[in-house]
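Only one chain is shown below, in structure tokens, and it's the form predicted alone.
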Amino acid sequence: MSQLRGKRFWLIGASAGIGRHLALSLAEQGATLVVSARNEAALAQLLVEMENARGVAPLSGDHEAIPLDVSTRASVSEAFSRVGHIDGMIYCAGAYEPMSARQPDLDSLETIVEVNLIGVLRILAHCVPTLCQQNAGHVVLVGSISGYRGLPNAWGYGATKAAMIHLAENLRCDLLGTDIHVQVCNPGFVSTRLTEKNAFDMPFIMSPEAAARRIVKGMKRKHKFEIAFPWAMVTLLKCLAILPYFFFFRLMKLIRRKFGPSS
């Protein structure tokens, strides 16, 4: 029987993409979900689909939808007051715009930072003290392999994902010795409304259903800190991450020559 059965997770960013399919996958495992996002209609539809997806009878009640805008402190506080008991929190909310520092879009940059970084800090500030009181819990933060190293045209987004990885490491360090498990998930390219904005070929791109299955599999291995996929892209980016700056920037210069200054 799945060790996720009977657990109650608060999943933020559940209305579309990876978050939506992760909710369905967890429901199939017998977990109970409190799903949150801004799109109330999408959440309502998701509740119906999660009920139909249940593979085994739950142990901790019915699924619930709580609208939430992580970019406002009041909305986070209101949502948290309604969530009730949780065994874990999954932060899957994300904002993305492909962008070069040569042509910055300040409005988009502020949104990216607000959703991808400040939003998760707001959620954690509410959830972690409660989990500490329980001395039990599970925290999963969804980052990206783009956070391994600075890359072209990832201005804003890459920085927030690097910060997400760092934040998960901080959290893991602070909670050592407790029964609160912290994991960071770093996917490669996943076919969502966000990656549809990319105007380049995305190697090893996978469906959100496949990504969700990888995350659920990783969540069952609580001793594993990082859930990262696909293997080929993870290996490539981690190799780039250990290159000395001299070689790394020479490589980036060659890439820019090949694809042009706007790539």
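These numbers come from a predicted model, not from an experiment. Position 1 is the first residue in the sequence shown; the rest follow in order.
From this point on, the text means the form predicted in complex with a small molecule, which you will not see here.
Chemist: Using a 4.5 Å heavy atom cut-off, which of 77 to 85, 129 to 137, 154 to 162, 169 to 177 contacts the small molecule in the predicted bound form?
Modeler: Selected range: 154 to 162.
Chemist: Is it the case that residue 28, even though its partner is missing from this view, gets within 4.5 Å of the small molecule in the predicted bound form, heavy atoms only?
Modeler: No.
Chemist: Are any of the heavy atoms in residue 34 no more than 4.5 Å from a heavy atom of the small molecule in the predicted bound form?
Modeler: It does not: once the small molecule is placed as it appears in the predicted bound form, residue 34 has no heavy atom within 4.5 Å of it.
Chemist: Residue 189 near the small molecule in the predicted bound form, any heavy atom under 4.5 Å?
Modeler: Yes - in the predicted bound form, heavy atoms of residue 189 and the small molecule come within 4.5 Å of each other.
Chemist: Considering only heavy atoms, tell me if residue 233 and the small molecule come within 4.5 Å of each other in the predicted bound form.
Modeler: No, residue 233 stays farther than 4.5 Å from the small molecule in the predicted bound form.
Chemist: Check for me: heavy atom within 4.5 Å of the small molecule in the predicted bound form, for each of 24, 52 and 65, yes or no.
Modeler: Judged in the predicted bound form, none of 24, 52 and 65 sits within 4.5 Å of the small molecule.
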